[in-house]
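Read the single chain below, which is given as structure tokens and is the form predicted alone.
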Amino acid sequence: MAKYRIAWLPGDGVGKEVLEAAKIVLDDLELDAEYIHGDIGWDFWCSEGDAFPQRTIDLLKSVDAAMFGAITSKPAKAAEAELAPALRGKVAPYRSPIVRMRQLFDLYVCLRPLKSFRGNPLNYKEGIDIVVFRENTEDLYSGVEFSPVPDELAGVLQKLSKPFAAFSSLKGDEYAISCKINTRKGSERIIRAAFEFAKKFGRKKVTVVQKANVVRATDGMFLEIAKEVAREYPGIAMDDANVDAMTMWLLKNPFNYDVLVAPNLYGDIISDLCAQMVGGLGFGASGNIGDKLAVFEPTHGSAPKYAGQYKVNPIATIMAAKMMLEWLGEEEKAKRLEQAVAGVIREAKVRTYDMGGSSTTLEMAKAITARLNVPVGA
């Protein structure tokens, strides 16, 4: 019996190819695991009306961790025509299965380590080493949205909110509402996770990303909770910055930043910016982490135009596998894997198209496996 049970969720497009590359590396590391396929993604919404079938939910309840590829998303209005004819008009609009997964399994930490490897031609600057903690279940991604806006909601808002008066003359189908919901519990636990990480790994500073000067209720609460939590970690500095200014300061001097923590939307934006600074989405690995389950993925999408070509850079997915190894407690294997990735990038013999080369997805994976047993620094 295998030591670990890993849910294997390829999804759509190039998700299948980059997971295939990750599997090559994990097999060469001889991880004692059983990989169980799970159905997820756009194709299953089209054929079954559910992008995240109950059988996959049940699978995730029984595993130690999961690897997730990528999914194709479509706007709700365009999606209806893609459904199997028997399902049209009978199912809810398409909703991202990864967002559902994060909320259903309370994967409240989105952890995105962003490190520039020496020799990567796509580096903004070498030496960048930033870790983003993004709250993963609330905020504008909470899924509480209205279009058209029902009369009863408009009536309540008209009574309770003076700023809403500017919209009160509009008809329900002339505007839409998305609710930004942040809770004390959700805010505190993601902020605490960032400080605990900094404490464990000797990081010197946590920067809180917010927009409390304008979004006073939700972001104001997030910032105040951060100040409360920071007092419990006197050895770690805390500062904060508005999300718009943060995009400028990160580009101006990325070495001023260490650990960033943010509500869901801001964390999504900032982590993509940081990913570009260390080579682009082909280098952006992500972990969706809860107390009992963690799901690891690249941050790039399904790239349908490249599907079947095996040209996409698999390093983001392979580094997500490295994060999974750390989650499972396989620290030695995780270190070997990161060292092998760093060695291939530094050596510059194997490069995918985004790095200016012509190597395939699987050639990159095989080059990494070839370096798994190379001594440190070689």
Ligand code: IPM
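Just so it is clear, the model here is predicted, and its values are computed rather than measured. In case it trips you up, residue 1 is the first one in the sequence shown, and so on.
The same protein also has a form predicted in complex with 3-isopropylmalic acid (IPM), omitted here; what follows describes it.
The stretch from 304 to 312, 83 to 91, 96 to 104, 169 to 177 that comes within 4.5 Å of 3-isopropylmalic acid (IPM) in the model of the complex, counting heavy atoms only, is 96 to 104. Contact check at 4.5 Å (heavy atoms) against 3-isopropylmalic acid (IPM) in the model of the complex: all three of 134, 141 and 297 pass. Proximity of residue 258 to 3-isopropylmalic acid (IPM) in the model of the complex: non-hydrogen atoms within 4.5 Å are absent; the residue sits far from the partner. At a distance threshold of 4.5 angstroms between non-hydrogen atoms, residue 240 is out of contact with 3-isopropylmalic acid (IPM) in the model of the complex. Residues are counted as partner-facing when one of their heavy atoms sits within 4.5 Å of 3-isopropylmalic acid (IPM) in the model of the complex; in 250 to 275 only 268 qualifies.
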